[in-house]
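A lone chain, given as structure tokens: the form predicted alone.
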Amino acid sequence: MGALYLIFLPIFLALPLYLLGRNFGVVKYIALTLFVYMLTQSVALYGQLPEAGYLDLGSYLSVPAFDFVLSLQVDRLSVIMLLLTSVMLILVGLSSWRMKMEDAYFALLVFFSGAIFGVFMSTNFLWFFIFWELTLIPMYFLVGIWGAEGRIYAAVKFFLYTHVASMLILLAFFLIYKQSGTFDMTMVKESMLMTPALIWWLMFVGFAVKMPLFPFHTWLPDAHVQAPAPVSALLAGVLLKMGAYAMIRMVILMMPEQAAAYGWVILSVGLVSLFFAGFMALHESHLKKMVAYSSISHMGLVAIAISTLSFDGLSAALFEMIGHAFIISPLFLIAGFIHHRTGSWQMGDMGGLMQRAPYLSALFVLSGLAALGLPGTMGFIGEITILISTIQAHGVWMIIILLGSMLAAGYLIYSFRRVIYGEMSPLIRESDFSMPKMEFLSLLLFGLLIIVFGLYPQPLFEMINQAFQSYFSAGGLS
């Protein structure tokens, strides 16, 4: 029952927490305690995993006639995602410590935590889809209530894009059931399906929207710009990874033959996303929108790594997903903080921030340098392993992805010059950059993770490699 509590306790606790918080103001403390508990339970689950395959956590709410059963099973891939999600929820909670209407805000974060845990723990397609859709509800309100002036437009666009994509995923799941007779994703084999190509394309497009990849990316810059900074961190650090996780598990590992046939599609979309978003970021003068396009560009790198269909490529993709979460989140948080204090998003209005907020500026520079692949940071490890694996899989011409790093160097160093260094602008001079301790603590922890896993990536890579070993040792994809 412990696994069931990890999903449904937060979901059903959200409304009582909101009502309780209106009178006592303790919601954020309860939420943070819950997130820490979810992290400890995720660590415990990792320790219980078998050498290969799934750990069965039980089946609940069964309707056998329709194969509608909440089957909870986790393997190393899903537990790594649980660990990432828990850490991100804790850090986002700390960075939201002084959020207005904090009772409702943290109640929605609690609801989201239960739904996202359901996505990573359920191995029944229908329950996976239910939890997948439930994550949209809190994110819609977090953007639509706490966002900026265009928050309603951005929230509706985000909801419509991702919901329409979800209908493609649901259609794929019903086709799987019709052709295989089961909704249990651990039992479905590609050889059981009569129309595997159609199912592959439906899932690929549905998950590509969530990552997002070009040309399905247009909802993300609007959502990031309008969302409060901690919600942008949650979007980039967790919600986009949900799409990449599903892409790896269902589009690649579950359907390896179709993935091999259409790997060029994933590669092409990844390359276009990498360069298109990179050029858009280079063109941007809006600080947060520049970071948003940088996020899309890095997810293009993840898609390129996934397209290799190799052990090394998938391991590199998962490392890059984790690194992207820890690197892009502080960029969003600092961009949002600067806007909150100056009232402007335009980098042309800024300059000389290092003289007024040296520690904040140092963390921004560290995260930016990690994003462009500075050795000694997570960004370098992710990019170099992706480069090596893609050259092995697709040939030496894949060295062109280094141009993506050159673009990143262009727009990030340009942002340093306009925002951090140079002559102090009147707007920076007149603004107060004192930061609440909890928010600064979250930035410090992000910076620590970037450096620790950049200097000592081996423990994380060992976890990641174990997640894919069973698929390849058994014949798998290679």
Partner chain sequence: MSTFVILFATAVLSFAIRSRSVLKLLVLAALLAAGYAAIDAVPLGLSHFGSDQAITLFEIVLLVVMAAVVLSEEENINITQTLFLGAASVALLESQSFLTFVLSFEALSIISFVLVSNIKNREAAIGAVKMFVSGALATALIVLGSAFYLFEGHDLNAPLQEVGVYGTVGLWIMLVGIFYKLTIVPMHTWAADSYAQIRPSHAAILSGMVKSVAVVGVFMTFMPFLLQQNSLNLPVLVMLALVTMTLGNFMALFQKQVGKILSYSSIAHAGYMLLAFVAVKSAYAPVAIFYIAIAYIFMQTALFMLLDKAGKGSSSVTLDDLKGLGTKDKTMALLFTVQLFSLAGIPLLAGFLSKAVLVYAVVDVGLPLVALATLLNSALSVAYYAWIVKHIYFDEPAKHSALGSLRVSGFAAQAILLSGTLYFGLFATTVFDLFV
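Source: prediction; values computed, not measured. Positions refer to the first chain, counted from 1.
Another form, the form predicted in complex with the partner chain, is not on view; read the next lines as being about it.
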{"query": "Interface membership of Met463, the partner chain in the predicted bound form, 4.5 Å heavy atom rule", "finding": "no"}
{"query": "Arg151 within 4.5 Å of the partner chain in the predicted bound form, heavy atoms", "finding": "yes"}
{"query": "Distance check, Leu309 to the partner chain in the predicted bound form, heavy atom within 4.5 Å", "finding": "no"}
{"query": "Contact test in the predicted bound form: Phe174 vs the partner chain, heavy atoms, 4.5 Å", "finding": "yes"}
{"query": "Contact assignment for the partner chain in the predicted bound form, among Leu366, Leu267, Leu168, Met185, heavy atom within 4.5 Å", "finding": "Leu168"}
{"query": "In the predicted bound form, the residue from Ala52, Val63, Leu444, Ile451 that sits within 4.5 Å of the partner chain by heavy atoms", "finding": "Val63"}
{"query": "Phe68, Glu133 and Ala155 all contacting the partner chain in the predicted bound form, non-hydrogen atom within 4.5 Å", "finding": "yes"}
{"query": "Contact segment among 138 to 146, 205 to 213, 85 to 93, 240 to 248, judged by heavy atoms lying within 4.5 Å of the partner chain in the predicted bound form", "finding": "138 to 146"}
